[in-house]
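Considered here are two forms of the same protein chain, supplied as structure tokens in two stand-alone entries, structure 1 and structure 2.
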Structure 1
């Protein structure tokens, strides 16, 4: 059932012991939503805590350090930035009944008792910003959490999901004293040594085809093991090949642990469809970003991808 922002604010004022669930592999947006909303409720004198199936990254310490959570029996359970129940990860069994879901994914499947979805919001934190305002104002802890969610979900206002409203909310939050430059330094200009190592190996592996229009990069098992990089440290690395000038199809081969399966990511620029390309290998996705799996060693996968790309470019008449 749908619910309005006004009804959300009214309901939240009437409940006392609230658990806020954020999605597994937590990112800036779900963390920002969870902690900002938690603070808003605590500021109203209510008991509130945030729960997540996975550990929250150390880089978000400037948000989480402001919170101490009590153990209590909730009378109201909220999920924020969680499009489907299985995205709660290992805590989905613990909370069978979700009273309220606040989200910005068009794919939300209305698993909660009441749901507010605004797919035009670049970040779920834009919605929580409105709710926090209705709950009695935004303090610096909330503002920093909300800015984090908005900034990270838009690639620092870079991506097409950013709207004029996104910028106006960021302006408001900055005027509340958010240390946005430091937040952005942590979120966008800090790479772990392991990530740097994998990136170096990956860059060294790049091969070009079709006159520089296709780039194939390989991330080997060996590189990941030697560097000690966790999966969470490699976020966004598959975008690298397409950032090279002239490349319209950037392919990343990621060798899996303990199997011969290679995970393939493709990123494209017009007129090439990454989705069409991945469909050739039984995968799919969006027009500009898609994926598939190839059940072969990386060298074989490389040859298959190269041949498929060359054939596709010939058929499309791209020279």
Structure 2
């Protein structure tokens, strides 16, 4: 069932003991949404906490350090920036009933009792920004979290999903005192030594197809183990293949630990839709950034992705 922003605000003012779920392999947008909304509820005197199946990266400490969560039985459960329930990871079984989903993915499958989706929003944090305003205003902790989500989901405002509204919201948050220069330095200009080692291995793995217009990169379990890199250190690495001149579709295969399942990320440039490509494997996302999972070893996943890309390019008439 769909719900309006006004109805969301009214509902959140009436409930208590709220758990906010963010997706596994958390990125800046889901983290920003979760913690900004949590802060808004806490500012109203309500009990609220954020839960995630995976560790939140240390680089987000400037957000998470402001929170101490109480243990309580939830009366209301919200998912933010989560297009499908399986994206919750290992906690999806814990929460069979999700009361509300707030999202910006056109591929949202409406698994929650009530859902608000605005696919025109560059980041789900743009939506949560509007909700927080309706809940009584935005403090500096919320503003920093929201700016983080907007900045990271737009590639520091250079992706095609960036709109004039995106800039207006970011400007408002900056005027609230957000240290935008430091946030962008942490998010875009700082990498650990272990992250650099994984990048080196991943770049060496890239193979090109379709006249150099498709690039497939593999991040192996072995590389992550040898480097000591945590999953939380690898955010953004999947965008590397698309940065190569001439590449229209960049695909990253990431082996999951202790399983043959591969996490697939696709990044595209016009006229290819990353979402359409990942839909072929039961996934989805945005036109320029999407993902899916393939329950096969990396070698088999590679062949499946290669064949699908070649067929798509042939059907689109891309030479």
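Only residues modelled in both forms are compared. C-alpha atoms forming the largest set that superposes within 1.5 Å between two forms make up the rigid core. Just so we're clear, the structure is a prediction, and the values are computed from it rather than from any experiment. Numbering follows the first chain given and starts at 1.
Student: Please identify the form predicted on its own: structure 1 or structure 2?
Tutor: Pick structure 2; the other is not the form predicted on its own.
Student: In degrees, what is the turn of the smaller rigid part relative to the larger one between structures 1 and 2?
Tutor: Rotation between the two rigid parts between structures 1 and 2 amounts to 26 degrees.
Student: Could the core-superposed CA displacement of residue 229 between structures 1 and 2 be given in angstrom, to one decimal?
Tutor: A shift of 3.8 Å at the C-alpha.
Student: Superposing on the core, what C-alpha displacement does residue 270 show between structures 1 and 2, in angstrom?
Tutor: For residue 270, the alpha-carbon shift amounts to 6.6 Å.
Student: Kindly list the runs, ordered along the sequence, of 3+ consecutive residues whose C-alpha shifts are all 2 Å or more between structures 1 and 2 once the two forms are aligned on their core.
Tutor: Core-superposed, the single displaced stretch is 194 to 319.
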